[in-house]
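Taking the form predicted on its own, here's one chain by itself in structure tokens.
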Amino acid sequence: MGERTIDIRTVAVLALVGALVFAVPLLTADRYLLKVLTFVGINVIIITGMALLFGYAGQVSLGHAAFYGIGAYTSAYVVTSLGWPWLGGVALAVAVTSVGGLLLALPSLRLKGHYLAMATLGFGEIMRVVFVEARGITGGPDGFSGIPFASVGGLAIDSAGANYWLIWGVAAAMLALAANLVRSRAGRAMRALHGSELGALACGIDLTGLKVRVFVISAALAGLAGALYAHVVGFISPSTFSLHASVVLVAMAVLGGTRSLAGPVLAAALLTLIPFADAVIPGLSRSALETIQEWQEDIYGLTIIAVLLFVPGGVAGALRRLSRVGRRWG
């Protein structure tokens, strides 16, 4: 009975949070706030894949900004230059990043620890150079402009509120699919892999196959987010998909914690909002905002260090402790 009560409470909380998130465009017409919260939704899509890769499977990637960029440039190019429909561009972006993730995963995921991190870091830096040098496709360092808004048939999704609902609708769908995945047999295998590779191997789990599949899913989600970002913003450049972006994604995953989707989502929201603090903190002075933006890289780095030293469970660990306290008093 207790477990059923907890499940009902969880569903109720999720329903309330979902209703609040989707009601935002009805409560405000502030285009800047809606744009910032749309960026949060895009990062939630990426971090959903990172949560599966890092939080559940225990694998580290410092190259996910590259998949983010591949998805963005793929969709932008085929839709803008080749005249593809928006849905076709997004589908191709997901397919290309999935193949890219597979090609990187097959050799790289035989590595462990910092060797894996270095391999993915190298891939990210290679793709950054490609984004700069492939001028005919990416526009080079000047960027790719004139990317149209998303559209389905004759319906153009060209307002701040419509883009917000599009991104958060996709984010909610991806979170629901990820939640189903982690509750399945594959999710149990990922947790076993994170706990002990030798133990998972002893249980008959195909470690290499599992790592590759999780990596491909994570890369595909990053590519999906990149495609959506390109059509929301209308302009992309190599600086958006740099090592800095990969480090921020890792910071979100580390702060979010392991064996959780809610923790990384909250961490993604928090770290995404840092450089846009004026959107959520009324009356914040321009000088204070500039100081925050100037120190944001340091804030991200200190966040990773502080979590590793003092709160190894991250946000997810804190949520689990609160859940146990509520269960004890409930």
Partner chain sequence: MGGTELLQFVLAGLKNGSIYALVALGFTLIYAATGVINFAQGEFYMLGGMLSVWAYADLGLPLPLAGLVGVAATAAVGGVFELGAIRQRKDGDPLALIVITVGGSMVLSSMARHLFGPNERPLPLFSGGGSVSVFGAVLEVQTIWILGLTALAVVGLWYLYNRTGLGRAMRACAVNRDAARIVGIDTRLMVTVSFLLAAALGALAGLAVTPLTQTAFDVGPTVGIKGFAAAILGGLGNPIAAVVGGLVLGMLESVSIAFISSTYKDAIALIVLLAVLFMRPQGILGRSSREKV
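Because the structure is predicted, anything quoted here is derived from the model rather than measured. Numbering follows the first chain given and starts at 1.
The same protein also exists as the form predicted in complex with the partner chain; that form is not shown, yet it is the one meant from here on.
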property: Complete contact of 84, 228 and 234 with the partner chain in the model of the complex (any heavy atom, 4.5 Å); result: no
property: The single option of 122, 88, 140, 161 touching the partner chain in the model of the complex, heavy atom within 4.5 Å; result: 122
property: Among the candidates 279, 62, 265, 40, the residue which, in the model of the complex, approaches the partner chain to within 4.5 Å (heavy atoms); result: 62
property: Non-hydrogen atom contact residue 30 with the partner chain in the model of the complex at 4.5 angstroms; result: no
property: The partner chain contact in the model of the complex: residue 155, any heavy atom under 4.5 Å; result: no
property: 4.5 Å heavy atom contact, residue 220 to the partner chain in the model of the complex; result: no
property: Partner proximity in the model of the complex: residue 250 to the partner chain, non-hydrogen atom cutoff 4.5 Å; result: yes
property: Which of 100 to 108, 220 to 228, 162 to 170, 71 to 79 lines the interface with the partner chain in the model of the complex (heavy atom within 4.5 Å); result: 100 to 108
property: Any residue of 259 to 298 that, in the model of the complex, places a heavy atom within 4.5 Å of the partner chain; result: 294, 295, 297, 298
